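Read the single chain below, which is given as structure tokens and is the form predicted alone.
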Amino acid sequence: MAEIHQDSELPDPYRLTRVVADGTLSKELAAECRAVNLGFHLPWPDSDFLSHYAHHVRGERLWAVHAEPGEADRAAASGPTGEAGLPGLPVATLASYDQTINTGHAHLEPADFITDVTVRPTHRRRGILRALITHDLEVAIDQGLSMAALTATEGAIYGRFGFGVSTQNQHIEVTSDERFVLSHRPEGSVEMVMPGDIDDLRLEVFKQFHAVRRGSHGRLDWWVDFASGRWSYDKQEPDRRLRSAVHRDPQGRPDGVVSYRVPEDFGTAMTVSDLVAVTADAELGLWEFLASIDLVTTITASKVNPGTPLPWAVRDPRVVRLTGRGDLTWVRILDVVRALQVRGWDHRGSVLLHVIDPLEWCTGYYRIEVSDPDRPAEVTRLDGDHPDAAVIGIAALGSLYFGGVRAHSLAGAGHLRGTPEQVQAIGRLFATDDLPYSVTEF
């Protein structure tokens, strides 16, 4: 573990260190894991958990904040909740790594992925979270990355750092009795497989999905441990109830895979753990298979495509019930020109935006011109003042970026200011023919 000397704007008496993540389990890495589990209310890690953690975070940028001994302990807290009561554990953590985001039209843009952000309750309101986030984003900017992404356990934290909701998922409950009948027969076939025998197939199917789905966020290869049931973070052991099936197209090529579990012996309720489908036929074929499983009468799934054809493909649409909808990924644009140049545009147009960034990295005026959706947009950062520009916050631009929210909704919420004609022009230009969708939590 090495101390970081660049300015992280941490207040005294805190220090920022980077924990080595090379696949081996060190004392510092174990402390980082324990602090993360403490922050997310996970069980204290045993030796198996720590070994899996060391493997899973290999190559990531792990940041740890420690309080200097002495005065910091007395100032932060007394008793077992202070630094003295948790010796060696960081008071705050953050991890990040590089992955890709599908920005539309099959372009995969490198981005900074942020995860495992925790601050101990006894050390909050001291500027630690702001220092951690801005430090990581500054590193990403120095690396030339145009955007950052995260998933949030709490919805009110990251907007002030310029993150905006970029993809949303549906939660559904499916009644899988005799009423579940598709109105047409999807092409292809489904076969059950041993969950741990198809790692390469899972990776290949996700690679196909990631290449075609706007808003998809890349996965690290270790996620197959969870999709296969080899390891469960919640249970700290293998998940032996997990089952898997593969969908193949008419030519026999895999284009969909699902993992699911029935938590009770002879149970009637099923939970879908992971479903990745490249095509509508693959998605419907896998759902038809799931609904045919004996004894099961109810299937629940989260991370369902907001544009899923399932409710429209069943003869009785009431067998598919929407039980919730929520944000999955948040995007923070770090380089407006680059981010808009690599976006896949579906419509022509020209707009002038005044972007407001609370961290000042992206504040400025930008002209966006799309003359041909098959070619990159021309994006120009303008000098001087342009009072005729529509005004948008950087977080709102992150939400607008993938087309998951319409401009008039942002305007109605006060996140986009302009004339009705400007809002309409922005709405037409940023509208997409496909809804953004990601199946990846991180």
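Bear in mind the structure is a predicted one, so any value in this text is a computation, not a measurement. From 1 onward, residues are counted along the sequence shown.
FYI, the form predicted in complex with a small molecule isn't displayed, but the following is about it.
>> To verify the annotation, which of these, R124, R321, R241, R315, has a non-hydrogen atom within 4.5 Å of the small molecule in the model of the complex?
In response: That would be R124.
> Tell me, which of E264, E154, D177, D142 has a heavy atom within 4.5 angstroms of the small molecule in the model of the complex?
Replying inline: Result of the distance check: E154.
> Counting only non-hydrogen atoms and a 4.5 angstroms cut-off, does R130 reach the small molecule in the model of the complex?
Replying inline: Output for R130 is yes: heavy atoms within 4.5 Å of the small molecule.
> R160: heavy atom within 4.5 Å of the small molecule in the model of the complex?
Replying inline: Taking the distances in the model of the complex, the answer for R160 is yes, it comes within 4.5 Å of the small molecule.
> Taking heavy atoms and a 4.5 Å cut-off, does V119 contact the small molecule in the model of the complex?
Replying inline: Looking in the model of the complex, residue contacts with the small molecule include V119, since a heavy atom lies within 4.5 Å.
> Should G393 be classed as touching the small molecule in the model of the complex when contacts are defined as heavy atoms within 4.5 Å?
Replying inline: Because no heavy atom of G393 falls inside 4.5 Å of the small molecule in the model of the complex, the answer is no.
> the small molecule isn't shown here, but in the model of the complex, which of 191-199, 146-154, 169-177, 301-309 has heavy atoms within 4.5 Å of it?
Replying inline: Looking at the other structure, the answer is 146-154.
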